[in-house]
Each structure stands twice: as structure tokens, then as C-alpha cells.
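Next up: just one chain, as C-alpha cells, the form predicted on its own.
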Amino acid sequence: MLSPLAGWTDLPFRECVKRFGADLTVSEMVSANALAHNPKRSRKLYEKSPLETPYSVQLAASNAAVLAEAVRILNDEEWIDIIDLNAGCPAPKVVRGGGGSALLKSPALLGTLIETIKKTSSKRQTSVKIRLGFSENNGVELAKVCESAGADFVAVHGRTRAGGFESPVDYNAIGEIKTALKIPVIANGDIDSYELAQTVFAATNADGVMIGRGAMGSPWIFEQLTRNIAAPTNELKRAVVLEHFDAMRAFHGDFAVPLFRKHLHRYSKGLAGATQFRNRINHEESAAVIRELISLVFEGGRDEEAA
């Protein structure tokens, strides 16, 4: 599964990972409040590619009535298969608003919001993305709340909110959650190779893995994980990057160039001339020039040290 990442996993990027074999893609996080009050503006965050089947839309919420209204809006979109509740985002802005990881401090509210989705949604499944806890690990308790409230499956990031993205991932804790639940459990956290994915499956007995940051700049990781194949050649990478850029331009219009810079920083990691390439694209506004620079930088080989 592709993990939802705000600002990264838009429709063009999700198309990339689907071409490399991701089984399930999830929209960027959508604010239930924003969706309920301005549906047209929020829709671009969860528009679906024809490649995305099945497809999940993730909502962030802290109020059951607002969440119900957002779900009713999504009910009109027949092409959505799953509604996912975000109970894991550690971003301070989201937490201050009572959503994301803040729900880990209020298991009762977490359960109420899941029940609200189940009662209101016309979709096939309801899922939840959680962390192990807010400050301390009470992941089993939280996961049981999700199951009791009607979640069909749960994805678990193996850190607390306090652990951010830097503390070690506790895969054993995910395994404890898997043992305690009857519903499927998806393991998440720093999985970036076939070998680590196999280690995670062995440690957790999880039903699947969710890849987030490991896919940034490496959409081909899904094929690597499922088929245990080597990294793609620079020639293939260049073709993928150009295709991704063209899809961004078609989807985002004039905003594509600045939005794509962060992707190019990731894609170019380790390439000869990457530092100069990044310096150029940081100030380049022409899409045609960006395409030429992409072609040039991917013609070279790898530096001995990552740029």
C-alpha cells in the first residue's frame, strides 16, 4: 500500500506507483471540515486516476457531525472504495485542531469517529491509520478501539506521535497489535527495501506493508518489494521522471514546476551532477528547460557519495 503523504501523494504520483504494482493507493489527507464547507476546492485532493482500483480516500476529523457531512459528500463518488480515518498525522497544525495523532489521546472520540464513518458511508470498507500512541505505547488498546468501532482493517505506524519520524520503529509492537486483533493489520514505518519488508513481515505477521517516505523519489519500490528486483537503470528512471513531470503539468498546470522541485530533489539523489542540477531547478521556471535538465542529469552514472 502507498501511505498518504500531504503534498506528495497527489494523483500523478499515485499513477506512478500503480504502474509499479502498488496494490492500494490512498489520497492525500483531506480535511473533513474543509470538504464539508467547500467540496469543490477539496475535490482535487482526492480525484482518482483510472489506474487506481481499489482506491481509498483519507479524512482528518475531530468532530463527528462534520465528519458525517464529509462522508455523505464522498458517498456521491461511486469510484471510492474505502474511507480511511487519519489518526496518525503528527503535524502540529493538525494536532492542534484535534485531528490526526490528537485522536490517540482520546480513544472514545476515536471510536465515535470510526462509528460515524461506518454508519454514514456507502463504501465497501472503513480503515484507520494510527500510531502506537501519543506519548507512550498503548497501541493494542487503540487498535482494539478501532476494531470494536467497526474498522475493516488498520494501518499502524510503529512509532508514537512523540517519536516523530526519527525514533526507531517498533515492529514488535505492531506484531503485538496483529496478535490482539481479528481484522487485518498493515505495518508501516521506514520500509524501504525488499529485505526490510521481509523482516517486517516476519516480526509482525502483518497482512501487508504500507510505504510512505520510502516511495518518495522511488516509485519503483513497489515492484522491488513484490518481485525482489534490482533498482531500475538511469534510462528507466529518466523515462519515469519525465512521465511524472508531464502528468504533473497536466494535473496542476502552472503550479507543476514549483511543486515538482521536491520530487526532483529526491529523484536525483546520488546522481553525478545532482548538486548542480538541484541548484538549477530551484530557480528555473521553464518546463521545457526542466525537461532538458532531467534528461541530462539522468544520462550520467552514480557518484561514489550521494549528492
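Don't overthink the numbering: it's just position in the shown sequence, from 1. Remember, predicted model here, so these are calculated numbers, not experimental data.
Here the subject shifts to the form predicted together with a small molecule, a form of this protein not shown in this document.
For the three residues Pro12, Gly217 and His263, a heavy atom within 4.5 Å of the small molecule turns up in the predicted bound form in no case.
Proximity of Gly189 to the small molecule in the predicted bound form: non-hydrogen atoms within 4.5 Å are present. Using a 4.5 Å cutoff between non-hydrogen atoms, Gly111 does not count as a contact of the small molecule in the predicted bound form.
The small molecule is not drawn, but in the predicted bound form it has no heavy atom within 4.5 Å of Ile281. Although the partner is absent here, Gln58 is a contact residue: one of its heavy atoms lies within 4.5 angstroms of the small molecule in the predicted bound form. Out of the listed residues Gly175, Gly139, Gly212, Gly163, Gly212 is the one that sits within 4.5 Å of the small molecule in the predicted bound form by at least one heavy atom. Here is the short version: of Val257, Val241, Met29, Ala274, the single residue with a heavy atom within 4.5 Å of the small molecule in the predicted bound form is Met29. Between 101 to 109, 181 to 189, 141 to 149, 117 to 125, the stretch whose residues reach within 4.5 angstroms of the small molecule in the predicted bound form through a non-hydrogen atom is 181 to 189.
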